[in-house]
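Single chain ahead, by itself, as structure tokens, in the form predicted on its own.
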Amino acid sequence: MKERLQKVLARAGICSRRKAEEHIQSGRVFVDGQKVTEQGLKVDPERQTITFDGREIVSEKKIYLLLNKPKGYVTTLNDPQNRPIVSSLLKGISDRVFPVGRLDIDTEGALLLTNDGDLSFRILHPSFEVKKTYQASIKGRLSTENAIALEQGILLEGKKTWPAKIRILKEKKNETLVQIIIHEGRKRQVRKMFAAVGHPVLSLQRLAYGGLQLGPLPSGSFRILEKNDIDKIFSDKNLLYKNKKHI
């Protein structure tokens, strides 16, 4: 992924972005052996050789992990209450990574971890509309009226939610299994949405980021993602509700 040369220099610890502009202008930076004086040039630090005063800038290798987070783990890198943290599940991974978004301690399922801040921003910012798919077991039977309200958006803490996709998977006497797809990331949003229409969540699992599905990955396990996996995040073609009826 290409990014501004100033940003690459700053992230490598050479200088601030503003100072990097001065270094570029003074001819101290080379890209693939060519002196660069153009401001705002975009480069790919993983594919191009960048040097400052003759010293090569080594870009931090990007790593992308998909973890099936179990219940009982907090989505932080440290916890003052000494509860289990998700990074303790990443056996054999020495790179420092951070979670993309959060799952509360009682929620399980798909959790991305990476050291790529740009990707994290693209996934989390509502303007990119990356959809997240959840499966929820809720108390009571979800009425068509309430399902439509959730799909159209409801008022939560003074702000209306963006439209959602709802699909009822199974109904019991006092419980409903529901699939819900949203692209926002407010704190405990899915739980709050169902509670707002009178159906507290009994259990909750995230199944997918965009078209990247959790699949058969065992609870507590993770897998390293490839480029085609990352591409799926921004694709709707594999979303679970595709070509299936919803409320």
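Sequential numbering from 1, following the sequence displayed. This structure is a prediction, so every number in the text was calculated from the model and none was measured.
We do not show the form predicted together with a small molecule, though everything after this point is about it.
Asks: With a 4.5 Å heavy atom cut-off, would you call R191 a contact of the small molecule in the predicted complex?
Replies: So R191 counts as contacting the small molecule.
Asks: Spell out, yes or no, whether the shortest heavy atom distance between T133 and the small molecule in the predicted complex is within 4.5 Å.
Replies: Contact with the small molecule, no.
Asks: Considering only heavy atoms, tell me if I181 and the small molecule come within 4.5 Å of each other in the predicted complex.
Replies: So I181 does not count as contacting the small molecule.
Asks: Test of understanding: in the predicted complex, would V100 fall inside 4.5 Å of the small molecule by heavy atoms?
Replies: Contact check for V100: no, nothing within 4.5 Å of the small molecule in the predicted complex.
Asks: Are D104, T107 and L204 jointly within 4.5 Å of the small molecule in the predicted complex, each by at least one heavy atom?
Replies: All of them do, each having a heavy atom within 4.5 Å of the partner.
Asks: Given that the partner is absent here, state which listed stretch (44 to 52, 181 to 189, 27 to 35, 212 to 220) has heavy atoms within 4.5 Å of the small molecule in the predicted complex.
Replies: Answer to the contact question: 181 to 189.
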